[in-house]
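Only one chain is given next, in C-alpha cells, and it is the form predicted alone.
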Amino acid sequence: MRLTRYIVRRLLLLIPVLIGVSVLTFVLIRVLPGDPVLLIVPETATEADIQQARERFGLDRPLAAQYLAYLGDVLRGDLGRSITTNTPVAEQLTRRVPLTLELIVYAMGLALVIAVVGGIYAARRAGRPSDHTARVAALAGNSLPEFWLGLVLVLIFYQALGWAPPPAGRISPLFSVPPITGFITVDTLLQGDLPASFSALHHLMLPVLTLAIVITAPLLRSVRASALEVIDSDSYRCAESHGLKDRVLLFAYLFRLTLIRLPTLAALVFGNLLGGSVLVEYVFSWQGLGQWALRGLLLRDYPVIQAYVLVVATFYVLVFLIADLLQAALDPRVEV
C-alpha cells in the first residue's frame, strides 16, 4: 500500500512539472525572433496570404489565448498539427519515439554491462596498469564528440572493413516488416523472421556503439568509485578476513553493494540520452525523435518543439521514478 501511494504521489507531481515546462517552452519559442509562417508560404505570398496562414494556425491571437487553447487541446490528447507538414504531431510521435527508445535502450544496456564489469575489475586492481588503462579509456570515451565518433566508426567499420551496413535506415530494403510495437527488433522476432531480425541488429550496431562509448565513461567511473568504497568498508574487510571464497565476496558483497548507487546515475544518463541522441541520429540518418525535433527547431515548428519537450520531460520523471524504486529494492535502508 505504501509503495502504491508513493507511485501515485510521484505521478501526481508530474502534472505541475509538465505545466511549468509547457508554459516555459510555449513562451520562449514565441519570443525568439522569426516567424514560422514565413517559412511555409511561397515567396509570392501577399500580406493577406500570410495573415490567413497565421489565422489557420491560431498565431494571430494573444499569447495567453494561444496557450489556453493549446493546453485544452493537450488535455484532450491533441498535440496539434505540424506547421511545416500539416500532419498530426501525435502520429509523428508514435512513429518516432520507438525508434529513439530502441536505439538508447540498446546503448544503455551495452554501456551498463561494460561499466559494471570494467568498473569492478578496475577497482579490484586499483593502482595497477589495468586500472589505469580502464580510467584512461573512460576519459577518452567521455572526451570524444558523438558526431565525430560516429563518422570515425562509419569510416572504419563500413568504409574500410565492410563489417557494418550503410549508415542509413533501420533494416535492409530487402525486408518488409509490418509495424506491431514500433521496435523493429521486437517486431521481427514476433513475426519469426530471423534474417530480418539479424539485419535490424546489424543496422543498430554502429549507432548503438557510438552512444555506448560516450556514456560508458561516467557510468564506469561511478561504478569504480562505489566498488572502491565497498572494498574499503569494514563489512567487506570482515568478510574477507573470515576467508570467504572470492566468488562469494564478488557477488554477495562487492557486486550487490556497488550497484546500490547505480540506478540514479543510470536514470540521469538515460534521460540525457533521450534528449541528446540528435547528433547520432543525424549521422546515421536515424529518423527518430531527436532528428525530428532538430528539424522542427530549425523550421520554428511550434507544435513539434512543444511536443518534444513534453515527451522528454515525461520520460525524465518516469525514469527517475523507476530509478528510485530500484534504489529502494537494492538498498533496504531507503524507504519509499
Partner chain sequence: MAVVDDLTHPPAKRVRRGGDGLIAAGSLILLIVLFGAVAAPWLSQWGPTEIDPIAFLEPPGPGHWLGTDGNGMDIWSRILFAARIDLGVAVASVALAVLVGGTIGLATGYAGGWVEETTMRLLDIVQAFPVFILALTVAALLGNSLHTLILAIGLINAPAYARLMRAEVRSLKSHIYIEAAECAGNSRLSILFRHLLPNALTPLLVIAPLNCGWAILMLAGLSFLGLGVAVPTAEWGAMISTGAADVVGGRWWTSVFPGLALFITVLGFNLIGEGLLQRTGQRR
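A quick note: this is a predicted structure, and the numbers were derived from the prediction, not measured. Numbering follows the first chain given and starts at 1.
There is another form of this protein, the form predicted in complex with its partner chain, and it is not shown here; the text below is about that form.
Taken together, 21, 151 and 232 are fully in contact with its partner chain in the model of the complex: each brings a heavy atom within 4.5 Å. When contacts are judged by a 4.5 Å heavy atom cut-off, residue 31 counts as touching its partner chain in the model of the complex.
With a 4.5 Å cutoff on heavy atoms, residue 173 does not count as touching its partner chain in the model of the complex; it lies far away. Contact between residue 228 and its partner chain in the model of the complex is found at the 4.5 Å heavy atom cutoff. Interface membership of residue 327, defined by any non-hydrogen atom within 4.5 Å of its partner chain in the model of the complex, is ruled out. Here the chain stands by itself, but in the model of the complex one stretch of 201 to 209, 114 to 122, 136 to 144, 178 to 186, 136 to 144, has heavy atoms within 4.5 Å of its partner chain. Proximity to its partner chain in the model of the complex, taken as a non-hydrogen atom within 4.5 angstroms, holds for one residue of 63, 297, 69, 50, which is 297. Exactly one listed residue, out of 245, 237, 128, 76, brings a non-hydrogen atom to within 4.5 Å of its partner chain in the model of the complex: 237.
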